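For reference, the chain that follows is the form predicted on its own, supplied as structure tokens.
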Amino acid sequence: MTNTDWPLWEVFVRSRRGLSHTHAGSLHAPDAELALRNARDLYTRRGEGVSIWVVPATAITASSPDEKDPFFEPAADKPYRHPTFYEIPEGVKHL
């Protein structure tokens, strides 16, 4: 297998101050272990990361921006997702 045949991996890094992983970029590697090592060398050279995820690009399924209206439309018919009509008791400080 040559490096042109290596699968594409998506890299997500959690920074020292971050609470979630963010997409850092992509790289080619023959397997997950080497993808993780290469991601460490490419995207956390200054020690800014505390965790790295590598995911095969073929394992990611995404919605299409062109179909956003019909895809997200079912959420609009569920008013309980936006509880604007509930009364909050006075004793509740944080919700």
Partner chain sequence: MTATAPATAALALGDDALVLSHRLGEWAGHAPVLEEEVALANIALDLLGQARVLLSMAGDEDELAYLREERAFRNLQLVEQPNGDFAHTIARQLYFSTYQQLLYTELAAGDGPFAPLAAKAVKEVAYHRDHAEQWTLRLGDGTELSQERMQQACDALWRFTGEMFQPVEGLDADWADMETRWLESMTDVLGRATLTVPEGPRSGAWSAGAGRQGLHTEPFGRMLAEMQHLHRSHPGASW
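Numbering follows the first chain given and starts at 1. All values derive from a computational prediction rather than experimental measurement.
As for the form predicted in complex with the partner chain, it is not shown, yet the points below apply to it.
Within 4.5 Å of some heavy atom of the partner chain in the model of the complex lies at least one heavy atom of Glu33. Looking at Asn38, you'd find a heavy atom of it within 4.5 angstroms of the partner chain in the model of the complex. The partner chain in the model of the complex is not approached by Val50, whose heavy atoms all lie more than 4.5 angstroms from it.
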